[in-house]
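Single chain ahead, written as structure tokens, the form predicted alone.
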Amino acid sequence: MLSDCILIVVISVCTAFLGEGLTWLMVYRTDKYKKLKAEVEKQSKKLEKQRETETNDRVQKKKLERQEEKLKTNSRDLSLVKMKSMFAIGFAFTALLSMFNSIFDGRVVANLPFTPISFVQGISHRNLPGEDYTHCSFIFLYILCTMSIRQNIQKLLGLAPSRAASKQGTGFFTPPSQLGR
């Protein structure tokens, strides 16, 4: 069981590096992405400075709204550039996941120290025989590993979004309530 856990962590690390490598090839090294990212960074910092020196002047508020709108547009364009490659990477990872899922099908790869809540049990005990819900399936452990490892690898490689840009919360899928602060 320990060897399965270690193998799943290694698989997770390898697929995270593979995903970041493919994303770098398809997105991060392109001039369009670099230009948009630099623009979003510059606008985020500029907007943050303008918010610090907040005034009640109508002209300043209009200028601030224009800056926010420009930042939203550039952030949306940046997300669209990334999204095209994410479809290709998602398709490749779906194939990899189904292959690994068939390899580990019906095998208990770990014992959880707790019984998961009911709506998580379906994935944590997926394709495992018996009713012991402390048994963990491949897919559950793989998802947990990937969620924790991929962000750290992005930070390690310097591909994670900057704090200024992510602090603004202006992505393609950001709810409108956050955008109009």
Partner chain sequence: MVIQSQKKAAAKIAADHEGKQGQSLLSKALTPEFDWSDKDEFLDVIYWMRQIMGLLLGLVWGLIPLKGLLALALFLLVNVAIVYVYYNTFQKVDEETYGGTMEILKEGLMTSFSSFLVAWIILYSALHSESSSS
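What you see is a predicted model; the values in this text were computed from it and never measured. Positions refer to the first chain, counted from 1.
Not pictured, yet referred to below: the form predicted together with its partner chain.
A residue is said to contact a partner when one of its heavy atoms sits within 4.5 Å of a partner heavy atom; residue 113 meets this definition for its partner chain in the predicted bound form. Interface residue remark: residue 138 is not counted as part of the site for its partner chain in the predicted bound form, having no heavy atom within 4.5 Å. Residue contact check for residue 144: one or more of its heavy atoms lie within 4.5 Å of its partner chain in the predicted bound form.
With a 4.5 Å cutoff on heavy atoms, residue 155 counts as touching its partner chain in the predicted bound form.
Checking 127, 30, 148, 60 for any heavy atom within 4.5 Å of its partner chain in the predicted bound form turns up a single hit: 148.
Contact check at 4.5 Å (heavy atoms) against its partner chain in the predicted bound form: none of 89, 92 and 96 pass.
Residues from 1-27 that approach its partner chain in the predicted bound form with a non-hydrogen atom closer than or equal to 4.5 Å are 1, 2, 5, 9, in the order they occur in the chain.
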